[in-house]
Ligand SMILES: Nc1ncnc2c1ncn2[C@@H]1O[C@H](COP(=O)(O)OP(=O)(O)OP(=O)(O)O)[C@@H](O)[C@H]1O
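The chain below stands alone and is given in structure tokens; this is the form predicted alone.
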Amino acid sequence: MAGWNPFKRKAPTPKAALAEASDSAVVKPLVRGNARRGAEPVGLPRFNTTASDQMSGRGGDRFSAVRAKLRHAFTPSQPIADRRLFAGRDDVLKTIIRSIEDQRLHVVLYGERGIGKTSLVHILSQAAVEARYIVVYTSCGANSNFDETFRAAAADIPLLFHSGFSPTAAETEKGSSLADLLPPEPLSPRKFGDLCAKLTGTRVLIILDEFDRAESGSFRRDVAELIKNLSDRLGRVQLVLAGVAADLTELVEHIPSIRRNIFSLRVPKMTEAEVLQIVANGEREADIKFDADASASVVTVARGSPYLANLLCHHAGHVALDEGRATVIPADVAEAVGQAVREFEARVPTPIQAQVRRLFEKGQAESMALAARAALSIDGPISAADMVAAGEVTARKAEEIVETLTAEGILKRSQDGDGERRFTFVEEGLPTLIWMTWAQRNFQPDPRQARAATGS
């Protein structure tokens, strides 16, 4: 345990990882916090682009065009909808498509927040549209209900594909949809299933994203009943559900009755090669360069999270441009870590922030980092054994860490599994905050590289 520092491990260079070769490069130390200062701006800050995404012509610098491209290349707060920026997940996407196309299954995608579920369904939607599927996308909310959700879906399905209407029928020619055939009373899974059973000449994907946000148990049960109905009647409509969940039953109720009708997939963490592909895609689109050590640093900190990778690349790219460079170095990534820490702190209640800072100063930094790393690695409740697997710590020390962090109000007992006691962090965003704070405090500057980058 003494001197444990996960950032000293070897991490692959971009070329080696993308080629899935065995060569690797040591991730060099990074700078702490915001140690550097740029020239003071003249006058008040201005937007560099207009609301129509055009250069404003004032308040910018020689990198204004690069900044605009960078904002498009790395979008941590938005899903990926541009296939040129979609990194990795080829096998995952292929598996989903085959389950839909070959097995005619409904699909349930689940996993932690920020793992890329929405980006995945956007790219899946594009592939389905290319194959001439009718795709209906809905983002669920707390008050989502079956009648409203599936009436809207029916409105997107042309009456042209209903077996009871010919292409020359008056209703078809005036552009009617399946919604025009629905009764005025609340829609039930059976009625919607009956309607879908009469579709011909096309296939339909109804995507319910953020399904976990729907608070209504009846809505979830109705969706499960619809899946069963569509499957039993060989309907040409398939559902894709996506949401934040630790396991399948947490996302969809009444699973036993529909288990054989669905393909479920826990969206996995990205591999190192896939994270490096995010970096490479951004380099290509933004005309900016991440040196090998900066790219490897992103891999080390991101821990397989596409959200964290995009966030770090976004901030680090802007840091480099602010310093007058189009090349990102590890010091820029370190400063990006500091910016990320401030963002994550704002999402955690103030008392918990204070407790984390107190424990860091109390000498519990490594213990918390080990627990956070385990939580980010397995994406769910952790046990002492998970900490042993994720970091350089003995089983006895791992048990001590669990007891200490539970007593300090950082961990809480979760549902046990596989004969092991399992624990979760008291706040959802706490593992990420702790991990990034640990990174911020343990990355140190490499003055030689910083001087070489600035030409001093």
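Numbering starts at 1 and follows the sequence shown. This one's a predicted model, so the numbers in the text were calculated from it and none came from an experiment.
Absent from the display: the form predicted together with the ligand. The rest refers to it.
**Student:** From the list 149, 367, 118, 383, which entry has a heavy atom within 4.5 Å of the ligand in the predicted complex?
**Tutor:** Partner contact (heavy atom, 4.5 Å) among the options: 118.
**Student:** With the ligand left out of view, which of 78, 327, 163, 218 would have a heavy atom within 4.5 Å of it in the predicted complex?
**Tutor:** In short, 78.
**Student:** In terms of non-hydrogen atoms within 4.5 angstroms, which of the given stretches 231 to 239, 350 to 358, 317 to 325, 270 to 278 touches the ligand in the predicted complex?
**Tutor:** Selected range: 270 to 278.
**Student:** Verify the contact flag for residue 85: yes if a non-hydrogen atom of it lies within 4.5 Å of a non-hydrogen atom of the ligand in the predicted complex, no if not.
**Tutor:** Although the ligand is absent here, residue 85 would touch it in the predicted complex, with heavy atoms inside 4.5 Å.
**Student:** Would you check, heavy atoms only and a 4.5 Å threshold, whether residue 113 touches the ligand in the predicted complex?
**Tutor:** Flag for residue 113 set to yes.
**Student:** State yes or no: in the predicted complex, is some non-hydrogen atom of residue 297 no more than 4.5 angstroms from a non-hydrogen atom of the ligand?
**Tutor:** Outside the cut-off, so no.
**Student:** With the partner left out of view, is residue 345 within 4.5 angstroms of the ligand in the predicted complex by any non-hydrogen atom?
**Tutor:** Output for residue 345 is no: heavy atoms all beyond 4.5 Å of the ligand.
**Student:** Counting only heavy atoms, which residues in 302 to 319 are within 4.5 Å of the ligand in the predicted complex?
**Tutor:** The stretch touches the partner through 306, 307, 310.
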